[in-house]
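Quick heads-up: it's one chain on its own, the form predicted alone, in structure tokens.
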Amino acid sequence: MKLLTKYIQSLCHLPLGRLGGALLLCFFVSCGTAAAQQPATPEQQAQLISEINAAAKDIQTLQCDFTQTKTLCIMNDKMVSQGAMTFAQPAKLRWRYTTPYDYTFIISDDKVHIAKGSKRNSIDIKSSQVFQEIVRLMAGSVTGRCLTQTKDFSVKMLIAEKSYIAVLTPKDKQLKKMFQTIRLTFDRARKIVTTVEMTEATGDATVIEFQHIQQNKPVSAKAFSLD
């Protein structure tokens, strides 16, 4: 596991926490101000989670652009990157950074494929518990299904004027090592994720905002290949 982590860090020039943040998807418009958010009642929360889960079942593919802002708590420094994401059920993902560097991360058929410049590598997901957790969380976050993964998270729903916000607190031991909280912002009309905000165990924060979201548009199989 240490050798795997060291290799990925040298390949990507990214700490593992940032790599994990990049995958999650879903995932993946700011969460709004606290004054504009009202806690959902237990009845409202149950209804919202049911509606989001129902909408998630209709998602076969998602394609979008994204902007990722990483804030380091110690240095109070922000790093902004941009790219594009493609997702297909049940758990295929292409995550490509285009600015300020070119870096591609693909999950397909129980494999993680990584490309940075001329370097290529493939890793069996089953060989790494960390990757298994990240992939499982990514698929759940992109679609919103993670709200029903009660063994992994406790969930608190908030209601804002134009969005629903789910605050997830990890209960799973492995996830606790990576994250303090994960906030998913859902568009009220479409019930799909528009923003993922992650506070890592270190206190660093990552916000991923999705733009130009296209749902259930055809996706070529080549999207999940480095060829």
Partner chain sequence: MQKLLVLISIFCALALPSATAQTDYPLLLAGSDHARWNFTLEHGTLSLTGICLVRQTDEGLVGSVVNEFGIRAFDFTCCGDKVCVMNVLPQMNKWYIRRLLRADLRLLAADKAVEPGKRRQLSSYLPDSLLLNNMKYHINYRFERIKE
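Each form is matched to the other, and the largest set of C-alpha atoms that superpose within 1.5 Å is called the rigid core. Note that the coordinates shown come from a computational prediction; the quantities given were computed from them, not determined experimentally. Residue numbers count along the first chain shown, from 1.
Quick note: we don't show the form predicted together with the partner chain, though the next part is all about it.
Open item on the list: Taking the partner chain as it sits in the predicted bound form, is residue 200 in contact with it (heavy atom to heavy atom, 4.5 Å or less)?
Closed with: Contact check for residue 200: yes, within 4.5 Å of the partner chain in the predicted bound form.
Open item on the list: At 4.5 Å between heavy atoms, is residue 77 in contact with the partner chain in the predicted bound form?
Closed with: The answer is yes: residue 77 has a heavy atom within 4.5 Å of the partner chain.
TODO: Spell out, yes or no, whether the shortest heavy atom distance between residue 95 and the partner chain in the predicted bound form is within 4.5 Å.
DONE: Yes, contact at 4.5 Å.
Task: in the predicted bound form, residue 164 touching the partner chain (heavy atom, 4.5 Å) - done: Close contact is absent here: in the predicted bound form, residue 164 is far from the partner chain, nothing within 4.5 Å, heavy atoms only.
Open item on the list: Please identify, from 185 to 193, 42 to 50, 56 to 64, 172 to 180, the stretch that has a heavy atom within 4.5 Å of the partner chain in the predicted bound form.
Closed with: Result of the contact check: 172 to 180.
Open item on the list: Going by heavy atom distances of 4.5 angstroms or less, which of 147, 85, 138, 157 would be at the interface with the partner chain in the predicted bound form?
Closed with: Spelling it out, the residue with a heavy atom inside the cut-off is 138.
Task: Sequence-ordered list of residues in 107 to 127 near the partner chain in the predicted bound form, where near means a heavy atom within 4.5 Å - done: 116, 119, in sequence order.
Open item on the list: Superposed on the rigid core, does the Cα of residue 73 end up 2 angstroms or more away between this form and the one not shown?
Closed with: Where the cores coincide, residue 73 still shows a C-alpha shift between this form and the one not shown that is 2 Å or more.
Task: Per-residue C-alpha change between this form and the one not shown, residue 197, threshold 2 Å, rigid core fit - done: No: residue 197 shifts by under 2 Å between this form and the one not shown.
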